[in-house]
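The structure tokens that follow cover one protein chain in two forms, given apart as structure 1 and structure 2.
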Structure 1
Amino acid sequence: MDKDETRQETVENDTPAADRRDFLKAATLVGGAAAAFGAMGHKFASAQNIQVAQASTPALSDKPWWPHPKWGKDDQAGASNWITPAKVLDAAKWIKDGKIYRIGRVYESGMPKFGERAFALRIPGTPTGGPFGANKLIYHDDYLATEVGQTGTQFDGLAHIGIQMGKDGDMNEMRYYNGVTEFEMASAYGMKKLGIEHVKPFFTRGHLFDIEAVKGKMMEAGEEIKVADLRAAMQKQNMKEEDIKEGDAVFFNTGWGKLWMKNNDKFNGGEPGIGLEVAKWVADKGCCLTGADQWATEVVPNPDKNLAFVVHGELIAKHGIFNHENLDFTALIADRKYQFVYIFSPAPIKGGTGSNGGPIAVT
């Protein structure tokens, strides 16, 4: 059996019929692996697919984006550099009623996950230890096996996403933020550069765009949020575009989050989100971070069937702009709170590519 046959069999065994049809149709197009990756969502993710997608999109790979024009050639903190004392004091002015909203999801094994990622929590012994002393103290520990920064509510760091610019396997031409190469970073025990420990904690102004409300319904997989949609949301929500300042964070509600733990297959099978047009708008405004109620913030499959996760590459690798996925804006929207202080400190695991954790919005 050759590689292609193996691939097809995997698809047929693992996926619902509609997804299989999408894959087979998509795979006949130019850049078919990228399209298939999009159409199949998480279930068909493989490094091989991503490489084919990028090799077929030379526009992504012919223009170096380093050294970073503002933060310099040695920077490893990216757009978290915007979070200065002045920025914090300015953001703090938005705290008026002292209300805290959790905007992260609960972590549990049944949550939707990308590809073969896992989340397995074990308590070693019940109780794990004790009793200690005359007071007979007992305790529990946690043992967690997971892609710690890439499951559930997840914050994508700068070591997470790069772009292959040379031949397959050439680690000197796999480039990340600030031009760092795979060769420079590679280590089995944590990335040697761009690890999440370099990212500064966030305390900044957040702006939420409720695109589900603009559309009057949950958006569809593959439906792209355009700048015109953001402007319609701002009008509806009484927000001004000039309010979005350098170093602010922007969030998109698509309605897709309603599928979380209700229909994981559909949630994983694609998603609505931003495309390159909004990514450029975000970069031009100098935002520090994007986030959404779905698993990539960007639209999957991309309407351009040649492209796969192109917004990740543009924002994270090229601009050092972070991405926070699988957020939950339900309570903010119920209270019509579209502008708030976004607070998040990524877990500083040395050499980590991302972070789990409990982001909050404060109004």
Structure 2
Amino acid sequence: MDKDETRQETVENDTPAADRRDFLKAATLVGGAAAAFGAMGHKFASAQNIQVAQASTPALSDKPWWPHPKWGKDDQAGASNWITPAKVLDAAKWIKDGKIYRIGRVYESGMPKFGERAFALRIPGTPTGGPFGANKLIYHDDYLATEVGQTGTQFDGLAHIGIQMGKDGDMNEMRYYNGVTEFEMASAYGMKKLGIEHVKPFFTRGHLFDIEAVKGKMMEAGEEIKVADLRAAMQKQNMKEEDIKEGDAVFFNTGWGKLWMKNNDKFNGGEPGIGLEVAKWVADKGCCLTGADQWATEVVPNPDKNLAFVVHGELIAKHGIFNHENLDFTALIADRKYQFVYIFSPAPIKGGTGSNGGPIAVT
């Protein structure tokens, strides 16, 4: 492992642009979650005047979380295992009017991106080829250069997030879902375990919590959604907590998505979202997935400045619960559709850590 990957970053005004994955890597490798607030490509740490300090992550690294008590030591599908034929048939009962809502963002070069990530689409030639045959067929191809992760609507897989349990640099003690180690899975050509190809397609009930409406305004960066906020949203939206069953998906609207393509710097510079309290509530409910209208679903910065992306660790690494980021609930909220069927099939990229794609909600 390169020495640069294990050094602790400092927060300075001239911190070089980096990305969220670097942030997570640095935070876990040094054993202190606050090690890399300077890693945000838009200098989020400096902008928020965050004071960072060396610290442990007791909420995550205190004890092993494997093997999975329900799906066993060899499972690589995580909470997508909830999507059984019985679950699909039960979810389908919620479809009443057959209306489809796109809840994914349009992928384009001007969308918010982190660090030096790129999204470049090229059409070779105009047209690319032809004419062919007596029918004079012509065609276009496209070439896309981008990262899968953190460019547009992003689905986090199980190989995306792990937790360092032992000494710095010990890949045998860097643990992911079901206890899989960095040593077992690491490869420059796709992960050898926990690749996105193992995740089953989703067809399940979705529950949307419009926290922006509860607050009466767009939430602000660093503002945490609490369980009390979820219950206030359910009361306002005429939803019942007992409606949320094992294998369901839960989503949070904070209003942060209104900044998309309008103020990308602010959008990237932190966010409101859920914290550990709601993460534990989600895990207790046995949900399969969380999602939100911002880039991490969880609150950034965490109110505990010693913690970095602690919800990711709690849900993905410890419970195998997936995360869908940068979603758009505008049309659902306009139609007051807070419960629906969530449908998404991750792109089966062998060894991939996540997926782009077009999730939909059906009411």
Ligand code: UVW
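Only a predicted model underlies this, so the values are computations on that prediction, with no experimental measurement involved. Every residue number counts along structure 1's sequence, beginning with 1. Between two forms, the rigid core is the largest collection of C-alphas that superpose within 1.5 Å.
Novice: Just flag whichever of structures 1 and 2 is the form predicted together with the ligand.
Specialist: Answer to the question: structure 1 is the form predicted together with the ligand, whereas structure 2 comes from elsewhere.
Novice: Would residue 101 count as moving between structure 1 and structure 2, using a Cα shift of 2 angstroms or more after superposing the core as the test?
Specialist: Superposed on the core, residue 101 moves its C-alpha less than 2 Å between structure 1 and structure 2.
Novice: Can we say the CA of residue 280 moves by at least 2 Å between structure 1 and structure 2 when the core is superposed?
Specialist: It does not reach a 2 Å shift.
Novice: Can a Cα shift of no less than 2 Å be assigned to residue 236 between structure 1 and structure 2, given superposition on the rigid core?
Specialist: No, because once the rigid core is superposed, the C-alpha of residue 236 moves less than 2 Å between structure 1 and structure 2.
Novice: Just grab the Cα shift of residue 116 between structure 1 and structure 2 for me, core aligned, in angstrom.
Specialist: Its C-alpha shift, to one decimal, is 2.7 Å.
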